[in-house]
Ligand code: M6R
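Below sits a lone chain in structure tokens, taken as the form predicted on its own.
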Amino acid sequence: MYKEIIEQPLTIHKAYFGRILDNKIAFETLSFSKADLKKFKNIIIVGCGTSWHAASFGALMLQEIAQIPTTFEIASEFRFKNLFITEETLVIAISQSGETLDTIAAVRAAKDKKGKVLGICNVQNSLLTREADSCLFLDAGPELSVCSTKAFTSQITVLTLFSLYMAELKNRAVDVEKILFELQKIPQKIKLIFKSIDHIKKIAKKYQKFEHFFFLGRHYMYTTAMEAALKLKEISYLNANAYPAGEMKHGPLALAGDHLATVGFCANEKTYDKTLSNLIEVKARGSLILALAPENAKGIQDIADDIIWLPKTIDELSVFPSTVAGQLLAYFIAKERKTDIDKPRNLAKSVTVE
């Protein structure tokens, strides 16, 4: 897992390399024509586990940037819902292995309703690549750890590119060049996080004593909170629950206290002030606060007990540095607790049963 975390500057670069040409996006394996893509009226993104978290990011990007009605669904629930799918619906199916049976079942259900399927996958010639109408590949190389890291950041890289591609096709008023420029700086910014590894180790040593965690974020940071909480659950066996930060006062705040640690994701500028307000609510109930915040962010020092500082980027890409820092935090907590990090109990790398 550690090796695959450290590979992410390279794998993110590989996910966009050759697909950005003179500030234009081109997909070498996309078999849908531009005319085909323009016809889609709605998009549904499906996945399981980490791929579902990537789906939540993709849905937010496509809604905000391409302004296409987009939802995300857990693949195992997909078949049992009466979803609005027609020939003008694009279903994006995400699977690292391409063999996840719940996702394949969702693909078949979508095609039964005449929907078109775009796969996002890391493995050539996998089942998903054969069942989908078209496929985009991550090119991340083999991911051996059960706990997915580099596949997730490659997935959200491809989803970013696809969202921008659709925005251009739909003639949306989006600064595509700016986002592409910032995306190409992400690998270097992740390398900067690696310079804080000793600091993250110290924080992990402090927080590994807790059995219960809240992971809080808003907007793009809620996706990050979900993914970071899953990493901690998978490899340290700790009870980590992710919530949209604004939902705390609607029930989960009853759990707050000195027995619970709260990890706040604060890298989204649009929701920064609101997130700080929510962290204050939790702190007032006695919980220890660990914040992941962009460099020079104001006010967080007065609230958080500990801070992991992140290189600043635009809101649309804030998931990247926050996610990598969350992966490292989970890894070092698990290492402190001496769990089997690469092969956690009860889990398999590729889930080929329903």
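Quick note: we count residues from 1 along the sequence shown, nothing fancier. Note that the structure is predicted; figures quoted are calculated from it, not measured.
We do not show the form predicted in complex with the named molecule, though everything after this point is about it.
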In the predicted complex, does Thr89 come within 4.5 Å of the named molecule, counting heavy atoms only?
no
I'd like to check something about Thr50: if you look in the predicted complex, is any of its heavy atoms closer than or equal to 4.5 Å to a heavy atom of the named molecule?
yes
I'd like to know if Ser148 sits close to the named molecule in the predicted complex, meaning any non-hydrogen atom pair within 4.5 angstroms.
yes
Heavy atoms within 4.5 Å of the named molecule in the predicted complex: does Ile5 have any?
no
Answer key: of Ile200, Leu230, Leu238, Cys135, within 4.5 Å of the named molecule in the predicted complex (heavy atoms) is Leu230
The stretch from 204-212, 165-173, 109-117, 95-103 that lies within 4.5 Å of the named molecule in the predicted complex, judged by heavy atoms, is 95-103
When the named molecule is considered in the predicted complex, the residues of 250-287 having a heavy atom within 4.5 Å of it are none
